[in-house]
Every structure is written in structure tokens, then in C-alpha cells.
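Next up: just one chain, as C-alpha cells, the form predicted on its own.
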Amino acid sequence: MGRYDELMSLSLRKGFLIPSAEIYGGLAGFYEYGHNGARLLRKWEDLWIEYFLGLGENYHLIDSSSVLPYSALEASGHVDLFTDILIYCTKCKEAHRADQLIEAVTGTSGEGMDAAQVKDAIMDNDVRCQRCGGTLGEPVPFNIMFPLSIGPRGEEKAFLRPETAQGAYLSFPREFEILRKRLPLGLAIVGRVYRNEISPRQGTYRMREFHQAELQIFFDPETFERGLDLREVEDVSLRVVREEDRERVAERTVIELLDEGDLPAFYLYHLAKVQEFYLDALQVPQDAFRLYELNQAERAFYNRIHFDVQVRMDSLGGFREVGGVHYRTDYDLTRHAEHSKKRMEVFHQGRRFIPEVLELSFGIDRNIWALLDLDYDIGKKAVLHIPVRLAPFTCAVFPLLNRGGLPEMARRVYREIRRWFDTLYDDSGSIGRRYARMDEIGTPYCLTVDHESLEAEDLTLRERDSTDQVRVSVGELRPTLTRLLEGSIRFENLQVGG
């Protein structure tokens, strides 16, 4: 069994992922989160919100509609340009997304190719249907938005939103007024988006309904950098893959990249902050992370600068995109101003202009899968070494035996601790099996009540990653666990009594 199949099997058995409508055979491109997955999802979102809204004092979370009118997506360019190249097999009629098919056969990316380029690549490389080996038909653009008809007669056309970003652009004029006309203004949206993918695959990596977390930063390009403390990041070594050298990751400090002159300071500042989120908050190993620059042909035409955030996933064959940092200039607000006939200009510090936008965009489901891939150690037993803050449950409480007053004390401890921490109670099976179950879902700490506990009013605290144990008094459990979660004390330095 390969790494992907192992992870998917564990995710299904442990309540992380469930195929949508599973009892009816599932629905391609749709997955649901089970009880452990939903907790992991929410904790990832909470951590993201805390970290990225903390980058600016005028950054705020909003919640926009999942349904957008035709006119708004026509203005944004999605109606005409939000397409992938579709190609059918003439024999078995299988639908293929052309860029994925070309990459699978040739090993080189087909991203950004138009229909004519796809046709040439297929001819030059004798690309055939991967399902039956048949000849492929003509490549054609396919709009991947989900259309809707609103009203009893379906008189109004709309779409399910293909990205969260448009909600921020449409909300900008009002939010700018409400928030006392200050720039930079950050509007973050975390929620579901919908894309009618031609050939969804690889589990949660490419789905038709998925979660995004995006921060749109509206700024004045003449003053944005003055409000950033570049000293925080100037010595940070960024793991970048530049467009002129795709063969290696270059370790370059922010100062070194700034001296080269092609990347503005505000952009490098945010690259450093994104890298910090992955390396420190998500605890992604350095060698499993990189910032990958897209060239002009690969990036969207409105992006002046575009770096993908990539994480190595062995289950998917190597580095895969999980997010991006996009300098979108004033394209979005300008387009909406032109089509809506509403003013998007602002008057700020003595001049009138349309703000530019820096977008920090993340596919949440891809990030969740990346954490499972990186953190699951699957050997004789499976252990999910996920960061403590993201673990579905922080701790579990066990009675060593189901007699002699141990269950009663364990229940008392459980009722107290669950007020402060996400906690499970388990009295089924041997103590070793209970530890193993908690390791499999990433629970960092287990609390076991034994006969000594009844007299000493203490219990055994076990750490997931080391499997080490110490005795801790019941009265010290809350402050001890709090200090462990905060990182103010390490488990190996913990003494009896906390």
C-alpha cells in the first residue's frame, strides 16, 4: 500500500475524512470532515485567523455570501476567463483536464497552456487517454464555475463563488467607510468555494467544494512600506525557487532579495510572514517548505508578482501548492468600478486613487492533507505528530481499571479538565490500546488514574511524542497543561507536581 492509500485509509477509519454521500457510492470531488477532521479544520482556521489578522491593526474578518451575481463575476473576468482546457477521449469518452494529462504523461507542467498549445503538446508527445489508450479529441476551454438560476422562474443568473476574494472586493467601499477610511485595510474571508473541476482527484487536494482562507490587503503603494517593521524580517532566510532557476531552493535573506531590486519590500515582508506561519505555527520542516515563483506565462495576467506556497507531500509525489502570495495591483477594484459604475477611489493622505491589493490565499483542505502527510508516522503503529494546538483533542482521561473507585475519580477529573481543554474519556480495552488510539488521532497528552491516585490525588501524565510519563497532582493539571500548550515549559523539564 502506497503512502496516499495508507493516509486515506487512516483518515477514513479515524474520522478525519469521509466521502460525501458515502452510502450512495460517494460523489466525485466532494469530501466531508468527520468528528476529528472537523476539529482539526476549525483549529487550523482559528490559528490562521489569529496569525494573519495579527499582521495589521486594521485587519478584520468578514463573512460574505457564497452566491454571487452574474454581473459581479463578469466584471471580475471569471465569466470569460475562469476556464481549464477540457479534452475528451474519442473512444471511451473520458473527460480529461488537459494540463494534468500532459504533466502526467510528459512530466512537464501544462499549466497556463491555451487550447492551441495543448493540441501541439498532445501531438508532439503522442499523448493518449490514460484510461483506455484512445485518441484524444479537440481541446476546448471549459468554464469551471457552478451556474445558478435564482427566483421562481430562474430569471436571475448567478454562480456559486469560485473564490472568497470577490466578497472582499465587493465589501471594500462600505468597510472602508465604516473603518474610518484608513489604509492599509485587510479583509479576510474563511469559507467554502465551488469549482466544477473537470477531473477531481487526489482526495482533498483537488475538489469541487472546498475551503479557502484569504486575506485581501488594500493599500496605498506610496505609503504601505512605511507602516511595516522591515527590521523584523530583514535577516530571515527565505526558501525561494526563482523563475530563472527552477532546479533548486535558494536560501536568500530578505535583505539580499531586496538588494536585487525586483521584489518590493512589502512583498518580501509578507513572504517572510507566510514562511513563519508554516515553519513556526504549523511546524512544517524546513526542507518540506518552499516559495515557488511563477513566471509571466504561469501566473494570472493581473498578478504582477506571484509566489506559490508549496509543501512536500510524499503521498502526492513531491511539492504541491497549498497557497499563494499575489500582488494583484488595482485590477480588481478597477474592474468592479467600471462595471458597477460605483466609485472605488479613496481619498487618503491628500490624494485620490484606487487602492492596490496584496492577496494571501490558502487552500485549507490542501493544508490539512499536508499536515496529515507530514505528521503521520505509519509503522507498526500509527502516530499523528501534529502540533499540539491543532490536535483534535488536547488530552484524554483514562481509569487504569474499571473497578476499585478508579472510574469515579477519572470521571471527576474528566469533568473538570474538559471545562478548559478538548478532552476525551475512554475506559474501553487495555491501557496500551487506549494510548494507541489516542496516538492515532494525535492526542498530545493522556491522563491515567491508578490506585496510587486515590491516595495521593495525582495521576500519570503521558506525552504522545516521547511516550514519557510523570506524576502530576490533580490540582496542578490545569496550569501544567496550559504551560505545555503555551510552550512555556517542555515536557522533559516537567517535574512531579507540574
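Between two forms, the rigid core is defined as the largest C-alpha subset superposing within 1.5 Å. Note that residue numbering follows the sequence shown and begins at 1. All figures in this text were calculated on a predicted structure; none of them were measured in a lab.
Keep in mind the form predicted in complex with the RNA is missing from the figure; the text below concerns it.
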Candidate stretches 258-266, 281-289, 117-125, 376-384, one within 4.5 Å of the RNA in the predicted bound form by heavy atom: 376-384
Candidate from S237, N295, S199, S71 lying within 4.5 Å of the RNA in the predicted bound form - any heavy atom: S199
One residue of T448, N36, S64, N58 in contact with the RNA, assessed in the predicted bound form (non-hydrogen atom, 4.5 angstroms): T448
The RNA contact at L400 in the predicted bound form, heavy atom, 4.5 Å: yes
4.5 angstroms heavy atom contact with the RNA in the predicted bound form for E163: yes
Partner contact for Q100 in the predicted bound form: the RNA, 4.5 angstroms, heavy atom: yes
Exercise: R418 in contact with the RNA in the predicted bound form, heavy atom 4.5 Å: no
Residues in 258-289 close to the RNA in the predicted bound form, defined by a heavy atom within 4.5 Å, in order: none
Exceeds or equals 2 Å, Cα of F142 between the shown form and the other one, core fit: yes
Residue shift check between the shown form and the other one, rigid core fit, D84 Cα at least 2 Å: yes
CA-CA separation of E156 and V140, closer or farther in the predicted bound form than in the form shown [shift of 3 angstroms or more]: closer
